[in-house]
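The form predicted on its own is given below as one chain in structure tokens.
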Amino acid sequence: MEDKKTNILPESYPMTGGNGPHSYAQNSCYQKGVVDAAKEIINEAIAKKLDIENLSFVSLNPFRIADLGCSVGPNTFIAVQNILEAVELKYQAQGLNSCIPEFQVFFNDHITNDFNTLFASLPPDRKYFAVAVPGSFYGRLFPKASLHFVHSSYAISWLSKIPKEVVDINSPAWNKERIHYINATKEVGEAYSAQYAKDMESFLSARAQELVCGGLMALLIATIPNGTTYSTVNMFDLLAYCLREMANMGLVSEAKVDSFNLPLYIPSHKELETVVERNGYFSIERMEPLSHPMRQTTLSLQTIMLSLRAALGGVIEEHFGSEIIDEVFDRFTNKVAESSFILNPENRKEIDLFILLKRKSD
């Protein structure tokens, strides 16, 4: 009999830990490009929007920064250093060199994240006190009004859970033979969109309590332009094809494939604006596309495969078991190699977006 838990994914999706050839630490160059592309915008945002004379900032020392969805490094260290340097420049520009605060940085990710690798690779010359904060950022993580700056890169594309409708065989949104909402039925897309809106409301409400009034939050997130839909073959389609192929060969059960869905959602710009405005605790101070150096580059087959494996390997392994991972990604690599569409950068619709939010006064 099929395991009754096959339609349930854990509410924790860590990147592949360690420093091995399939680890996130070794295969996150694209994510690093997003952080690098945001550096100058972070500098400008802090220079113009960070009110260091506000009593909320003056009365609190150290200056507290949180990176949500930090994974295992090294990208989180680059992002934190960029923020820290921008804050120092802000103080110096206002002639407050003697008032530059100490810094405390909170590295957050799920409890199953590889914090050992993260802290083993902390920069030895860092100018901050480092703290691990395990837990889902869709709930409260910090005391009220204790943070000055929140940063998150690519992490809020991960849903807190799979929409229950897409794994319910009796639901119109049952996502049989697919593993994602892209190119699926309207009902599946609506279920994913509703889950995203619910998650973002929880995320923003939690951060509204944790940030001081006037505190800033910078989010780097993959989005799609308003009015854009996916109607072509994409990497998730190919991954689903590989799993169905393996089910037909008896390597995995068909029921497990039908109950597997990826907990990822890519919102439109309008969806993102709408959830922020509906939440009401934040003002949108800046929102613009990032000029990612790799977005229009033809990525190598190896880079695509290793990046996807580092990000999704844990989710697949949790659902199907570790013994199929190599087989899945070997097949996936072959399918991508056959698809000129996937490898062509002109067919990528996603836009890396920078959005700066400011906590409103109560």
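In this text, residue numbers run from 1 along the sequence as written. Predicted model, so just to flag it, every value in this text is computed and none were measured.
Below, we turn to the form predicted in complex with a further copy of the same chain, even though it does not appear here.
Taking the partner from the other structure, a further copy of the same chain in the predicted complex has no heavy atom within 4.5 Å of any heavy atom of residue 321. a further copy of the same chain is not drawn, but in the predicted complex it has a heavy atom within 4.5 Å of residue 114.
Remark: residue 64 counts among the residues lining a further copy of the same chain in the predicted complex, judged by a heavy atom distance of 4.5 Å or less. Contact between residue 154 and a further copy of the same chain in the predicted complex is not found at the 4.5 Å heavy atom cutoff. Of the listed positions (131, 93, 194, 284), a single one reaches within 4.5 angstroms of a further copy of the same chain by any non-hydrogen atom in the predicted complex, namely 131. When you look in the predicted complex, the only residue of 102, 288, 201, 168 with a non-hydrogen atom within 4.5 Å of a further copy of the same chain is 102.
Checking 268-276, 114-122, 220-228, 238-246 against a further copy of the same chain in the predicted complex, the stretch whose residues place heavy atoms within 4.5 Å of it is 114-122. The three residues 106, 127 and 141 all sit with a heavy atom within 4.5 Å of a further copy of the same chain in the predicted complex.
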